[in-house]
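A single chain comes next, written as structure tokens; it is the form predicted alone.
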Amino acid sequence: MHLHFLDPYQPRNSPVHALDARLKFVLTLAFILTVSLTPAGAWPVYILLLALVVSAEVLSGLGIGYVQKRALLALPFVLAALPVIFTLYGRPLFSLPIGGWTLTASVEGLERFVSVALKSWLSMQAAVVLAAATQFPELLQAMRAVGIPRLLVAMFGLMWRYLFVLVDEALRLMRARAARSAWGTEAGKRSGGSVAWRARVTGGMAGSLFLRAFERSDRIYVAMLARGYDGEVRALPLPPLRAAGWFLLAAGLTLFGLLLIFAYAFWG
């Protein structure tokens, strides 16, 4: 069930959705940690990790295309690692003259860059599957169940909820602006004033958005205190994991450990 159009949760009748949130959370963290610790150039291990996350995408019913579109969020991290191609010392691959400078790419630098790109891409896919196959309140319960501090979990929950408050206030401002605006009838000319005027109006709307969101969040917090909020959202205790859940958890952690051992044995 969608609570907001920003909510990434996609309800499906799939084995991944049916899994306990604690299992999904721990296995996703273990997958990301395995990806991060895999040494550069361990291509067979990266292929196996890619096969694992693609299998999860298929089993979840989300579709590979859905996940890949959202995995593009890893692109800024990939671009930030681009200079490593020219800064890491190694066997020269090609040279790129820029003015009075000559940048020399190395084979080792290219290998490191491709490894960083793969790590970012694989980790983002796992995070997208976790967010789309698990409701956020269940994720918060899973965080508390695995021992993440209560204050940190409360911060995650409040940041998530107040994000929707901020978006709702922005939508109200945009509706108010549209209701008070008019479209010009002259062909080929845009309605409104100059670029400076538009920037001034946008700045005023941003300031108004901040004040309105701040005031509304304060009212929400006071209402929460009036209802007994003490820093933690109460929830029913989670049932203990079944034997199948423990088996899946042990099998997943063992597989990730074996992949790391294999990677460091040949490429470490």
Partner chain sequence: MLYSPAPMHIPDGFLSTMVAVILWVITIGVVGYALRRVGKDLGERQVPLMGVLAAAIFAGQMLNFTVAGGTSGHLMGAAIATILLGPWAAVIVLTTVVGVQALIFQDGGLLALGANIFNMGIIGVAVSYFVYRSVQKLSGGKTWGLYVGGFAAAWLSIVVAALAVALQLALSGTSPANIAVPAMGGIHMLIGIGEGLITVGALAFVHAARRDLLHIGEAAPTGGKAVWVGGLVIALLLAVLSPLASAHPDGLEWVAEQKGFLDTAQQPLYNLIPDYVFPGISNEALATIVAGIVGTLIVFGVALGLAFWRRRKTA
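Positions refer to the first chain, counted from 1. Throughout, rigid core stands for the largest set of C-alpha atoms superposing within 1.5 Å between the two forms. Predicted model, so just to flag it, every value in this text is computed and none were measured.
One more form of this protein exists, namely the form predicted together with its partner chain; it is left out here, but the text below deals with it.
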*asked:* On the criterion of a non-hydrogen atom at 4.5 angstroms or closer, are Ala199, Ala206 and Leu209 all touching its partner chain in the predicted bound form?
replied: yes
*With a 4.5 Å heavy atom cut-off, would you call Val54 a contact of its partner chain in the predicted bound form?*
no
*Using heavy atoms and a 4.5 Å limit, would one call Val26 a contact residue for its partner chain in the predicted bound form?*
no
*Verify the contact flag for Gly147: yes if a non-hydrogen atom of it lies within 4.5 Å of a non-hydrogen atom of its partner chain in the predicted bound form, no if not.*
no
_Residue-level contact is defined here as any heavy atom of the residue lying within 4.5 Å of its partner chain in the predicted bound form; does Leu93 satisfy this criterion?_
no
*Of 231-265, which residues get within 4.5 Å of its partner chain in the predicted bound form if you count heavy atoms?*
Gly231, Val233
*Does Tyr162 show a Cα shift reaching 2 Å between the shown form and the other one after rigid-core superposition?*
yes
*By the 2 angstroms cut-off, has the C-alpha of Gly207 moved between the shown form and the other one once the rigid core is superposed?*
yes
*After a core superposition, would you say Gln68 shifts its C-alpha by at least 2 Å between the shown form and the other one?*
no
